[in-house]
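We begin with a single chain expressed as structure tokens, specifically the form predicted on its own.
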């Protein structure tokens, strides 16, 4: 009896996946739970474990892309290789599902995948699958890399640093002067976007083109919030990191979403889908991309718990170890550019959500209070809304509750 292994859905937004590396060979005996194949999605790469036992026949070689649900391998439960005996995998003759330059597609179909590390080597070196693949592709010996991940595990960022350290210095050259007949812009260098960047570009364009955005702005007096954060610093006996001001924004928005369920919903096919859980996505910049891990059930977490989860997820994004489940299920998103000195900005709504909150810097500015000009720590917020879901008054009340929660941080307990 032969069963199929299909391209799995590894995230709620996944449409197709790339076979990065088979961790088993054609004709191998596999058991339930064995690490089978490394797959790259639109958000991250992860190792897929087999849910079948038997003899493996690989149908799709490394480097090719397949949509969700399409067979990528079979497993024969009678102990015999489905094709009679183990044979090398030949690339498919049809064109791969992804688009791209013809030359790149030809390379993807003909280049053999790099050999996977042995189990003994993986145990000895302790390296993530993504970092191991990058090291093999770049010819870097992971034995000479110091890992910064949990328990000294080597992650992608460690391999990137090793490559940067080994790269020769770029010589300084004079600025070229355009010669007669050259384009006014000079030489043009084409930089291909990776899969994540392409997906972000496509989805941002789709969001702006299909979602009717409107924006509301508000200025928040964060003076009390700053004082509360200082009080957290003076309580070393408590467990967990000191909450940041952004952690307070996450909690303030999560509590406000309880009372404004339309802001925690999505427009789909002429109806609203209201979500019972409040899962806050936090935008994290990493490797020329914007990744949004999700803090689940943020309205039920204390501030220190939000701080702990936020730091854990951000670190996993930066080291390349974040997994699709950690990027899935978001119902509302917060993006913060305050650390870059940005006072205010407007954001693009994340697909499948009703709104996104853009957070600016907290700065010492003048504020008129009770007829007097006084110094205050002020922060600007911009709420982008889907006009099919939220109307002006609804959105204004939601934003006002976020501001009230932040101006009296005792409400965030």
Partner chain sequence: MADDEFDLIVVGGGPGGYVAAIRAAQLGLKTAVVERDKVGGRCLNYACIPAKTMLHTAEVLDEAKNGAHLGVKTEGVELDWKALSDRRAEVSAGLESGIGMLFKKNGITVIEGEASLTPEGDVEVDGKTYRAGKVILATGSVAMPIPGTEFSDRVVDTWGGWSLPEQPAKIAVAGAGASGAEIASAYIRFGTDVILVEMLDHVLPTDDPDVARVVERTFKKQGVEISTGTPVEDVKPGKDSVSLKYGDSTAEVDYLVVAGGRRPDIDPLGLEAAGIELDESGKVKVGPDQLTSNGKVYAVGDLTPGPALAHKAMEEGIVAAEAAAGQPVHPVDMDLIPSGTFCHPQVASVGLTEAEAKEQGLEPKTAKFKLGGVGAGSVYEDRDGIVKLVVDPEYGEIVGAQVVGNRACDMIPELVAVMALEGGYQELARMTHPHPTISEAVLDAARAVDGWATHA
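Only the largest set of C-alpha atoms that superpose within 1.5 Å between the two forms is called the rigid core. Positions refer to the first chain, counted from 1. Quantities reported herein were computed from a predicted structural model and do not represent experimental measurements.
The next section is about a form of this same protein that is not shown, the form predicted together with the partner chain.
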Exactly one of 202, 224, 311, 153 comes within 4.5 Å of the partner chain in the predicted complex through a heavy atom, and that residue is 153
If we test each of 211, 130, 337, 242 for a heavy atom within 4.5 Å of the partner chain in the predicted complex, the one that passes is 130
Contact test in the predicted complex: residue 134 vs the partner chain, heavy atoms, 4.5 Å | yes
Practice problem: Indicate whether residue 138 is a 4.5 Å heavy atom neighbour of the partner chain in the predicted complex. | Solution: yes
Which of 257-265, 154-162, 326-334, 302-310 lies within 4.5 Å of the partner chain in the predicted complex, heavy atoms considered? The stretch 154-162
Those residues of 304-339 with a non-hydrogen atom no more than 4.5 Å from the partner chain in the predicted complex are none
Post core alignment: residue 138 C-alpha displaced by 2 Å or more between the shown form and the other one
yes
Cα of residue 204 vs residue 157, shift of 3 Å or more in the predicted complex, relative to this form: the pair sits closer
One pair moves by 3 angstroms or more in the predicted complex: the C-alpha atoms of residue 199 and residue 132, which are closer
